[in-house]
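Take a look at this one chain, the form predicted alone, written out in structure tokens.
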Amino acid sequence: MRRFGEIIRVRPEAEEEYKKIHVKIWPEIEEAIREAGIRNYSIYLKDGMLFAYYEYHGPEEEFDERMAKLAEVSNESGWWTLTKGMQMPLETRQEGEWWASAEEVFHQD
């Protein structure tokens, strides 16, 4: 199992709509997240910053393929078009990232 933490800004004018659409995400997105092996997925909001935490439960050799399939569903359904319009990536993110990856510095089960 791999843990992930990611950060992005939400546009101030889109904050309420962003929260609203996440009360119940689209069924095809919910299913694609499950099929990707993502569990314990949460998004937190504080002072215009979104922090996402999730865990990948699946074979390591399938990770890239599963994330590509999730991206495909998210793009084709229009979910990422909708949500990306509400987000502002961090300038310090790595090349190729939309949400900036956060370094895990502590974990306790």
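Since we're looking at a predicted model, the values are computed, not measured. Residues carry their position along the shown sequence, with the first being 1.
One more form of this protein, predicted in complex with a further copy of the same chain, exists but is not displayed; see below.
Interface residue remark: Lys69 is not counted as part of the site for a further copy of the same chain in the model of the complex, having no heavy atom within 4.5 Å. Ala14 falls outside the set of residues with a heavy atom inside 4.5 Å of a further copy of the same chain in the model of the complex. Ala100 belongs to the set of residues with a heavy atom inside 4.5 Å of a further copy of the same chain in the model of the complex. Contact between Trp80 and a further copy of the same chain in the model of the complex is not found at the 4.5 Å heavy atom cutoff. Residues Leu90, Thr92, Arg93, Ala100, Ser101, Ala102, Glu103, Glu104, Val105, Phe106, His107, Gln108, Asp109 of 77-109 are found to place at least one heavy atom within 4.5 Å of a further copy of the same chain in the model of the complex.
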